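Taking the form predicted alone, here's one chain by itself in structure tokens.
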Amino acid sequence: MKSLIVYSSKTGNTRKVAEAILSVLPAGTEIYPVENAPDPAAYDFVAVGYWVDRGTANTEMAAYMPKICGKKVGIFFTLGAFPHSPHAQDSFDNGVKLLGENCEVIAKFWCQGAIDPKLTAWMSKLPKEHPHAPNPERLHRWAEAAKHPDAADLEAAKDAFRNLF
């Protein structure tokens, strides 16, 4: 089975997860950042990884995912929100909707990832009535996200993609 991993990573978090997943997929699995990714048509299995932007795959990955048609697919991503939050589930569901026709999702994984420091700096300057302004809960989440992906996250990613075929 010819396998491909395509990832998009802004801060390095999603790249770390992609590399962990690569370690448990069959020898010969290819891995590319999305900007250099090949046409997925030649592969039997495609794993796509993205960082969450506004509740879905970031722009570059969102443009690539519709090219994946009729494949077995794995989806993984990192996000600043807590991994068991409704936002995380919505981010997965929205990613699935970006896939081309007749795909079967056979693996999934997501975890927190450190937020781009430029984004937290921008949000830190927002007035307190703004919906994304810092508050105690948000500051706690940002601090927690900065610790991820950690070794346990990377092992969980491997487990989610191990022994797929």
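Don't overthink the numbering: it's just position in the shown sequence, from 1. Computed from a predicted structure; not experimentally measured.
The following text describes the form predicted in complex with a small molecule, which does not appear among the structures shown.
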Check for me whether the small molecule, as it appears in the predicted complex, comes within 4.5 angstroms of all of 8, 12 and 53 - heavy atoms only. yes
Just to be sure I understand the contacts: of 106, 31, 114, 103, which is the one whose heavy atoms reach within 4.5 angstroms of the small molecule in the predicted complex? 114
Exactly one stretch in 62-70, 93-101, 115-123, 36-44 has heavy atoms within 4.5 Å of the small molecule in the predicted complex; which is it? 115-123
Is residue 80 close to the small molecule in the predicted complex, meaning a heavy atom pair under 4.5 Å apart or at it? yes
